[in-house]
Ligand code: GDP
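First, one chain by itself: the form predicted alone, in structure tokens.
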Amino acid sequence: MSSVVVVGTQWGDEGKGKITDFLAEKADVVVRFQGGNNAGHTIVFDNKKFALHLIPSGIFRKDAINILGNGMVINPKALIEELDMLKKGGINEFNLAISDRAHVVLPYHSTLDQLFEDLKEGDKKVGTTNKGIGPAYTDKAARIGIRVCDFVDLEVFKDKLTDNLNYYNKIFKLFGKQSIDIDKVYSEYKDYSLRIREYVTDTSILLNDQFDNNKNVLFEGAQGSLLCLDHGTYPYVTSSSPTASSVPLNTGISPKLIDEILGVTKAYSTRVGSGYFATEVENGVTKRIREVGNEFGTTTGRPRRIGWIDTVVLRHSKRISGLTALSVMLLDVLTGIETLKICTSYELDGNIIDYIPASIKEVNRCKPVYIELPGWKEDITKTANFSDLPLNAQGYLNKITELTGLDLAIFSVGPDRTQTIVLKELYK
């Protein structure tokens, strides 16, 4: 038995989906443990591309159990659309389990999301995806959330839906928004309830049974560590914790069951939405990275902000998640760039620091301190071993591992499964 947690070390979109799909080949169970359909993973294999937002990346391995954990907030309509997309793409054999303790995202959550964002001005906007994730987590904390166990009990669902919309429709009226018809929502979502019912179970029991039977378990995070509600660049964060620290709480297992924690980073940095991004640059080089790397949000389609890799961020993620190894993605995108930069520390008011301040005022005054390394021009997309890389590409990876103090377990030189080079086996 062995367990691996895959977490993003930046602001999401690091390539976790590809790594999870790759590692799922040896996994008996793949678990998504937080977030909702505000996240997106793109999986490419056999010349097919699948964009997943809720379902774990192990869904393409027909023998793997795929779990949507209790820490998630699940939009039933989006889930049904995703299942239909998979079936249309020929993925008909899979094993899916949905936690009865996960919370449900409903239409009024998206309306609230948009309303709250519209009330903010200028740079105070968070840049939410307007998928209703924040309001769903708010309902959870306020103890008025509708859980999956409620949703599949139509009598309970109707009762709770009525209570919540009677409350929220008053808020919508106050701000000039159209009320949401309770019966219309119930009629539509009743069908979704009936369709997902077969997958609903106590996934904590299911998961612990897998550990008891010495199965390999893979935990798949959404977003990235710098979007953690507690340890990210608050308030420009998501509404859950994408760190490995949240896995036990969000899946119902003991922390003692976690063996390896793989941090996934791009060979550069990206961010979607507002907020701190010390190494962000907008010039000809970063425009080239955006185009070559297809840096547009899987969920939103928005152009991603681009910057150099930031090892202050990576060391922060290492500390809060307990990373045991590193995976560097999209190394091929940097091919042809004459000079590469790596951020090693920040300058704050004349002082060199090695941490991310909590204060927005302070963090916005941080200036990146760089080292420069020579780039490479050779095509690396057919690389099969570390030693096959150009010396400058080897040097770039070696410097990242030196600055983070993490072993390089995996690096990627293209989107396909075959363009993934493993240096360290994570499963025992």
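The first residue of the shown sequence is 1; numbering continues from there. All of these numbers come straight from a predicted model, not from anything done at the bench.
Separately, the form predicted in complex with guanosine-5'-diphosphate (GDP) exists; it is not shown, and the next lines address it.
For the chain shown alone, Leu79 is not a contact residue for guanosine-5'-diphosphate (GDP) in the model of the complex, no non-hydrogen atom being within 4.5 angstroms.
At a distance threshold of 4.5 angstroms between non-hydrogen atoms, Asp139 is out of contact with guanosine-5'-diphosphate (GDP) in the model of the complex.
Looking at Cys343, you'd find every heavy atom of it more than 4.5 angstroms from guanosine-5'-diphosphate (GDP) in the model of the complex. Although the partner is absent from this view, Glu260 stays clear of guanosine-5'-diphosphate (GDP) in the model of the complex, with no non-hydrogen atom inside 4.5 angstroms. This chain is displayed alone, yet in the model of the complex one of Ile146, Ile253, Val333, Val312 has a heavy atom within 4.5 Å of guanosine-5'-diphosphate (GDP); that residue is Val333. Just one of Pro390, Gly40, Gly375, Pro368 comes within 4.5 Å of guanosine-5'-diphosphate (GDP) in the model of the complex, counting any heavy atom, and that one is Gly40.
Only one segment in the set 41-49, 359-367, 396-404, 382-390 has any non-hydrogen atom within 4.5 angstroms of guanosine-5'-diphosphate (GDP) in the model of the complex, and it is 41-49. Of all the residues from 409-428, those having a non-hydrogen atom no more than 4.5 Å from guanosine-5'-diphosphate (GDP) in the model of the complex are Ser412, Val413, Gly414, Pro415.
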